[in-house]
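Next up: a single chain in structure tokens, the form predicted on its own.
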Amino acid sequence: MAVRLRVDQLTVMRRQSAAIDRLELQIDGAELVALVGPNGAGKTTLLRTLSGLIAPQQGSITLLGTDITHLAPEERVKRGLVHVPEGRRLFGALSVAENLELGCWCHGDRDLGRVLGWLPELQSLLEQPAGSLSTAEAQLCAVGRALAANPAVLLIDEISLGLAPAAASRLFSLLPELVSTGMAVLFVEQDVGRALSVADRVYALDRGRVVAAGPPGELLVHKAFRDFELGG
């Protein structure tokens, strides 16, 4: 199986301490992989480093066999690594359609049919300013904009943050659909139980390090993960 994304010995320094400490991570093909951990564990820093928003001090990032460690964020998008950031970062004055079309810039095809096939809820919102959307609608729009870039690897930070249970469930139901089309998804989720219920594999982070990793069933009996989850 071809490795989709590989992270080797990644280290990111913040205020003279390691926010990410020699981290190793791998995604094999089309997988749904969760990142869990307490606040400050390094989850958001890791995604921002993978997408090129933060430069690491050590280590490498390989996408589809190519080293992208020093590529600019827009070059990573062109190569298939797309990030839905925490806070969504929509252009509020632009319409939903215009926000989605911005996701198409890397391949020049503005046909949104595929995105609307995944997220039909956006069809009735296309002419609405993104700044007027509800929290749930804004998250759908942010995910849709990323999908418009046709990612090989989709990164989603804090996927259910601020969402009502029904809206969160809608997004979580979408993730296996994306993977079934050949996409790899790496997502951050605070709700460990929900993450384990949908992910193929899980990485548990604490203080910038992986403390446990593996399929959900294995992690549930992994002492390091149980200690981590219980705060022990």
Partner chain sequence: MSSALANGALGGGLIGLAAAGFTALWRLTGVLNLAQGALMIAGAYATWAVAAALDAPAGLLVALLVGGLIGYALQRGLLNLLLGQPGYLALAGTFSVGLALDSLATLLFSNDYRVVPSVITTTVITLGPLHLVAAGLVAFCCAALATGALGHLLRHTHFGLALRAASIDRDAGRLTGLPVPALFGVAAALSAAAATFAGGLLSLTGPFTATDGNQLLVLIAAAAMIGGAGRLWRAFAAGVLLGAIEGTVGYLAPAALTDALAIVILLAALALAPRARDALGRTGVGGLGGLS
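Residue numbers count along the first chain shown, from 1. As the structure is a prediction and not an experimental result, all values here were calculated from the model.
Separately, the form predicted together with its partner chain exists; it is not shown, and the next lines address it.
Query - Distance check, V77 to its partner chain in the predicted bound form, heavy atom within 4.5 Å - result: Taking the distances in the predicted bound form, the answer for V77 is yes, it comes within 4.5 Å of its partner chain.
Query raised in the report: Quick one: is W118 in contact with its partner chain in the predicted bound form, heavy atoms, 4.5 Å cut-off?
Result: W118: no, not in contact with its partner chain in the predicted bound form.
Requested in this report: Look up in the predicted bound form whether S51 has a non-hydrogen atom within 4.5 angstroms of its partner chain, and give yes or no.
Outcome: Contact with its partner chain, yes.
Query raised in the report: Looking in the predicted bound form, any heavy atom of P73 within 4.5 Å of its partner chain?
Result: Contact check for P73: yes, within 4.5 Å of its partner chain in the predicted bound form.
Query raised in the report: its partner chain isn't shown here, but in the predicted bound form which of L102, L126, A136, L161 has a heavy atom within 4.5 Å of it?
Result: Comparing distances to its partner chain in the predicted bound form, the residue within 4.5 Å is L102.
**Report entry** Contacts with its partner chain in the predicted bound form - residues in 129 to 152 whose heavy atoms fall within 4.5 Å
**Finding:** Read in sequence order, the lone residue that approaches its partner chain (within 4.5 Å, in the predicted bound form) is R145.
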